[in-house]
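In the form predicted alone, a lone chain appears below as structure tokens.
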């Protein structure tokens, strides 16, 4: 059993999915910081009360090392965080850039527990896994400087991709398990989404109009709840797709019905409507950063070739070319 477990994780594959995770994680980090910068909220929420903030805060070890949560220190941390996020996106600096971005994100989002959300922990987890991964091996400036090309298909350890996939499934599954009020679960009327849309804390605008489409909000509640609590089926569908050559009627039907793709599409729809209707911070982009880990390099290549054939006036990408993605 131990040998089989080692063999399962000891997979070598090109780092394309890890590079895509890195790019989106860098974008999520940049958006998290620039929102506070753009709205001029650094002094209010990330400095201590004696420096202009609205409550006493101490800051983490790094902020304390820099002199404490003053406006000057925190502004410098935010600017440095945005710059390192951009470097992470373009893939310059390898794991060091990921480490710096992770620390600067932690130093800001953990500064004031009143002003964050669970998406901060999601982003931190993703950045930590990016730090463990050779994510600048391809689709990066590091790759360009090292090889003269933007792509490098040299196989790398794939176990970090599995951890990203597990993190994604675990996040959705435990979120669904925590929705235990009568407004969420079957038999309770599925009114949770309707009531959430009426709360000013979450609204992007007045959603009184939802009273006229109340059944649709019930459908949205039921679908999102079932999609989250059944997330382990998503993991199972990934396993069945990875072992498609093995026998088994359930495996056959999962692959034939494209269960993995169904869960993926539902996830994209979920985040689209959530972001459109509600102000939930960078939750969507932080979550979507893990989606590329659902597919291997070869699957991304096939997707790129398929998209390339559908685009007008575009040549079909050759094997190993993901420019059509």
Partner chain sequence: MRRVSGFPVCVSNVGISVTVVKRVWPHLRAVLILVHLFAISVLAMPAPGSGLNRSAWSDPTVTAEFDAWRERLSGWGVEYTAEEFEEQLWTVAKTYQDGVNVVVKPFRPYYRYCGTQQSWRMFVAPHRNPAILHFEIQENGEWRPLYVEGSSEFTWKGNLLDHDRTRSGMFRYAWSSYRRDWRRFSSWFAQEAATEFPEATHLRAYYWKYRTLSPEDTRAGVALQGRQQGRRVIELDDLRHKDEP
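Residue numbers count along the first chain shown, from 1. The structure presented is a predicted model; accordingly, all values stated were derived computationally and were not measured.
Keep in mind that the form predicted in complex with the partner chain is missing from the display, and what follows is about it.
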item: Contact label in the predicted complex: residue 106 to the partner chain, heavy atom within 4.5 Å; value: yes
item: Touches the partner chain in the predicted complex: residue 9 (any heavy atom, 4.5 Å); value: yes
item: Distance check, residue 72 to the partner chain in the predicted complex, heavy atom within 4.5 Å; value: no
item: Distance check, residue 242 to the partner chain in the predicted complex, heavy atom within 4.5 Å; value: no
item: Segment assignment from 182-190, 83-91, 251-259, 141-149: heavy atom within 4.5 Å of the partner chain in the predicted complex; value: 182-190
item: The partner chain in the predicted complex - contacting residues of 104-126, heavy atom within 4.5 Å; value: 106, 109, 113, 114, 115, 116, 118, 119, 120, 121, 122, 124, 125
